[in-house]
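Same chain, two versions here, written out as structure tokens and called structure 1 and structure 2.
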Structure 1
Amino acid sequence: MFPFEFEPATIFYLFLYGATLVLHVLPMNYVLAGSTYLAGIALWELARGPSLAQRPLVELLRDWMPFALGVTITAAVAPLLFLQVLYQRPFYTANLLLFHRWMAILPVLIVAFYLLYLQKSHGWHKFAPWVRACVSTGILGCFAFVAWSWTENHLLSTRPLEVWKQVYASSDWFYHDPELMPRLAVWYVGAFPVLAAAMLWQLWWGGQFGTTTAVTIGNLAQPDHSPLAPTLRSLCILAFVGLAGSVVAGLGYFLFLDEPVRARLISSRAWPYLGVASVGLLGQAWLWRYVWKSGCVCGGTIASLAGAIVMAVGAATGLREMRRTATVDLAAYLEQHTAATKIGGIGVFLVFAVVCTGGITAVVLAVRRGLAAGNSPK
């Protein structure tokens, strides 16, 4: 089974890389799919006028997107670090080859950040619909650009020296790769189920379903009997479409892969990942169906959804690494990995990882307690 064909040092960093990459992917999904949702609604409202049914989700997203972007970027630092221990040369080479195009993700993210704050501002709904549509689609454009750049960079890093030489000599701004669009589609479509689950959790945690720990509003297919029904229905649809789309996009991408890579991804070494991914996807589908049928949301539903998502995203991360190691000779960098394991500091890291996780938990608890006390300063 992948990655056990590698030496322990390599496996160790692969594990750290994969685990921290999941931390990046989850909020990144929220940002990517969330900005699409907001842009979609803004365009809809431009054409058809206010869409009040979508307001609760729009407000939620408007409010939380800047934070989600902050988390996406912050969480990305750790995989960025371990990536450089693992794949230093291919990663740096791809960075250098894309040059200005690559560096452009940074100003683009800065622009996106400020646009998100604009979108979050109090007067947002007072802006003309076309202004809102421009801002929201602008934000989506920024994130789509960043996602595309990461995918482009990733694919370029998996190519051999011959390709690198051509790209260098051509001075092209863009690197064209047959895998690019199908791969990006997987990321993009796969983001929606994560967004749906995250929003469900936010509504529940934020007490939007009332103060009870569980709500049951009955079959969502029935005509509205609760003001919550339209919101829940939107989330279910988002999730169903996203899940079905992910499967289609995944299969589509598979067809674009080179034959040896394909063989690797369906070999017995990949089965555990394919199995876990299937369970994760089916589990999510089943849970959303349950929400749809019963209109019931409780801590258990959300925890199970989270579990299923982590399974799906985690397994996808594993498969992603199998795809990469099919064309990048990771074992060639073993010396570097082994040297890295001999370097001190891991104890300090573990200690502070615990301390800071404790700190973050304390922050969350303190805020909850403070809010519950409803104790506002004069």
Structure 2
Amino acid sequence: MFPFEFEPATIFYLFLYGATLVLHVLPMNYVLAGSTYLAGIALWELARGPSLAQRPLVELLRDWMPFALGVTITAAVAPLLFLQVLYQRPFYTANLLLFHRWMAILPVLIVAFYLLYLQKSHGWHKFAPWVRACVSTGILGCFAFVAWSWTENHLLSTRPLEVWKQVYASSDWFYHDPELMPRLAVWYVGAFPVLAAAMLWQLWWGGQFGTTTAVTIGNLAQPDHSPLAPTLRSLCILAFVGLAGSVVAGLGYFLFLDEPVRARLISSRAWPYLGVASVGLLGQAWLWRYVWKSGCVCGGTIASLAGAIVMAVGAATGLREMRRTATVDLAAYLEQHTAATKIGGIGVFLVFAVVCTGGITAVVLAVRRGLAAGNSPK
């Protein structure tokens, strides 16, 4: 967002990397938090029986999770390409040393894809509760492994060459780092407010609230007879818990960092990011409180939520890179960045970015028209 201390070429690639990473993080949050939600409901139903109050959200997630995973994987390509240009040798070396683990995410994601389609199949409700629980928790396990691997890879890429040599010589399947779990917790907990807002938008945009303009139920803390109230109440609680957890996890992660890194993250360079992140988090909290108090959902509320989420995720991405550049000297690659801008290829990238985005949008609109015409997705 604010990489003004670098040369124009570096700023160019940092901006593209940050923007495309945000586009990847948003659907990734949907997949990670959504799989957690479905696994939790499956375990609840195994122990307590069917949960009718959560049925609309469960059906929504089951139907859209394969599509969301496809978007997540597709959107991960662009930031990886810009990451290679920005950090070059540290990124490549770290990945080579994690080859046996890094490549393992591919078969794991393939398994997760097929399990997601099994989870949305026609005969899903005919399976025994323990089978459904095993499939849903298995999906969550696959995504948890991928998240763990990504975090390991990122942390190793920020470490000195001596650490890479030690990892390679040990042939260890795991890279142990004190930052791993706190950092993973920040991104994991932060996924739930994004999931809540995305499902709120899906329900409103899909007309499941009965109107495409607005719906008003009333104070969600009061007794009601509206079938929509439990769904809205669940989304509000999910968002509140996620926002509070994000703050706690962020503070906890900050305490795990070394003193020089902590000093960098509270320096004047980090103030714009911290300010934008605070506005994004407080804006989400205020909007969800408004939904809780008024029970009103409209396009303006959802658009404001989307803006607040992009602010928070974008600022978190900026802080993420500030933490990386605290140990990796990005200035050492300025000449390579300038040389990369002269190679060309940006036109091809933009053309395919537009084509792919248009294709995905066309699929979504076609499905929406089919549902509006009364066609069943089942």
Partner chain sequence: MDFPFYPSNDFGPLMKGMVIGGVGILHVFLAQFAIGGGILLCVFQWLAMTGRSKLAREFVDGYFRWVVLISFVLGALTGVSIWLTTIQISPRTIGLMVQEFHWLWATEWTFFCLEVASGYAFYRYGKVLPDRTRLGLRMSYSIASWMSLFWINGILSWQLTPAGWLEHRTVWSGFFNPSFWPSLLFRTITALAEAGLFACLIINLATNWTREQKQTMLHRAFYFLAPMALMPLVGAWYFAVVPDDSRRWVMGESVAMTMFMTLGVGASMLIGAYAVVMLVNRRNFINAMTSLVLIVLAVGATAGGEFVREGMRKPYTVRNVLYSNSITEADAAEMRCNGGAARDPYPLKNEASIPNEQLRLGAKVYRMQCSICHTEEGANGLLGLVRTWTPSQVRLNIAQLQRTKPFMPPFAGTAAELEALVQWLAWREAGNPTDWEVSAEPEVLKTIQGHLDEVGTVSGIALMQQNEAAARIRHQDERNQKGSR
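Each form is matched to the other, and the largest set of C-alpha atoms that superpose within 1.5 Å is called the rigid core. Fair warning: this is a prediction, and the values are worked out from it, not measured in the lab. Residue numbering: structure 1 sequence, from 1.
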Chain form predicted in complex with the partner chain: structure number out of two: 1
Measure the rotation of the smaller rigid part relative to the larger between structures 1 and 2 and give it in whole degrees. 11
Report, to one decimal in Å, how far the Cα of F349 moves between structures 1 and 2 once the rigid core is superposed. 3.7
Once the rigid core is matched, what's the CA displacement of A366 between structures 1 and 2 in angstrom? 5.7
